[in-house]
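Take a look at this single chain, the form predicted on its own, given in structure tokens.
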Amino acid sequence: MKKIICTALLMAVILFLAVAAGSVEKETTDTHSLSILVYITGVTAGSPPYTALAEGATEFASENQNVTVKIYEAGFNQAQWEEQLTSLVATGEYDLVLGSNPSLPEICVSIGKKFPNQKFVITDAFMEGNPQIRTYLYNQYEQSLFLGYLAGLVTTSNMSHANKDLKIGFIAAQEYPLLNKHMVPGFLDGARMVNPNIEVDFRVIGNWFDANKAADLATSMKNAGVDVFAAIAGGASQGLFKVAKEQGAYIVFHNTNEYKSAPGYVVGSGSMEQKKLTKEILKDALGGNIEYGIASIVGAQEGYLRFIADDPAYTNNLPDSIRVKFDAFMEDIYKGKIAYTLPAL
């Protein structure tokens, strides 16, 4: 009888320990945490991609316990970015640094050598082979291509502010490889699918905030024959909107819905689904499912770039003849039927 009792007690102890071990394992899984630094290379105000990045991370944290987010705006002085980010990483507070800028990978390579356990995920950038860095590049050549095609349809049309000069314009805050090698060439290539004689007038502001300089450039370009503009200029784009409304010109806009910024003059807006990608990245990070050292290129077919055609302004601002041609072109873009070669960066 004593032997039976001892055996029963031993089995009970073993069962208790097994249950306890299971409880500890489950608790550890449930309390997995993630600390995120969203490093904004500039400011969120006036920058839809940075706003979407910050909003996506903040929303993800609000939807998931044990996830914390710090939003840090680094300002426009690029010379200070590496020192700022190094100081933040040195605290050891962050499991993941999340950013969005083509220049960030090289900075993170340098910082990563000093802090080999730090992980970085960067959108709107491309780098392969570094075990601390994961990048996602939006196919901005493709977005520029379809916006350029629309610009080509408008500049060759009989719309009230279109002229006969076959000249479109692109205003940029600053030059960088993605802009020079993907965006401006894509814009011109798309327009030349409509008419091979179209030319692009490309001008640079020198910063991301000088709306007066942008307005001066836009006026000069309009006087030189430009009737349709694109811009990658942050807050300085307000100067272009002002000129379009006061002097009469058309705008196609990258990355965000800007129809209301110049009603009747913004004839098309693209969309970069930064918030969507941000939340998907952080879901993978929380689950430990990010594969570092690789790079992805995402575009319209993958659901991360699109044209905003469901805003009434798109229908109201363009004649049916242009919309029918452009809608057919976009359908082919989404299906991968438009042939092009993505330029090397």
Partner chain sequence: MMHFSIPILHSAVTIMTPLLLASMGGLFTELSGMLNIALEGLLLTGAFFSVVFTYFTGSMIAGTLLGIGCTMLLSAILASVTLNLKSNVFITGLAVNLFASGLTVVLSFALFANKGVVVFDNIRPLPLLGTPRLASIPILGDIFIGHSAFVYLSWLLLVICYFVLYRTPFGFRIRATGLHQEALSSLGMRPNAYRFASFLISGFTCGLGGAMLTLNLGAFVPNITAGKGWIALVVIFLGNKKPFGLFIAAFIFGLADAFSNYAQGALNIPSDFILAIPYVFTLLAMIGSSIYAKNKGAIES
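Positions refer to the first chain, counted from 1. None of the values given here were measured: they were computed from a predicted structure.
We do not show the form predicted together with the partner chain, though everything after this point is about it.
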Does any heavy atom of residue 223 come within 4.5 Å of a heavy atom of the partner chain in the predicted bound form?
yes
Taking the partner chain as it sits in the predicted bound form, is residue 256 near enough to touch it, meaning that at least one heavy atom pair lies within 4.5 angstroms?
no
With a cut-off of 4.5 Å between heavy atoms, is residue 273 one of the residues that contacts the partner chain in the predicted bound form?
no
So in the predicted bound form, does residue 238 come within 4.5 Å of the partner chain, heavy atom to heavy atom?
yes
Thinking of the partner chain in the predicted bound form, which stretch from 128-136, 186-194, 201-209, 144-152 has heavy atoms inside 4.5 Å of it?
201-209
Full three-residue contact with the partner chain in the predicted bound form, heavy atom 4.5 Å, for 165, 306 and 331
no
Report the residue, out of 217, 108, 266, 231, that has at least one non-hydrogen atom within 4.5 angstroms of the partner chain in the predicted bound form.
217
Contact assignment for the partner chain in the predicted bound form, among 43, 313, 295, 285, heavy atom within 4.5 Å
43
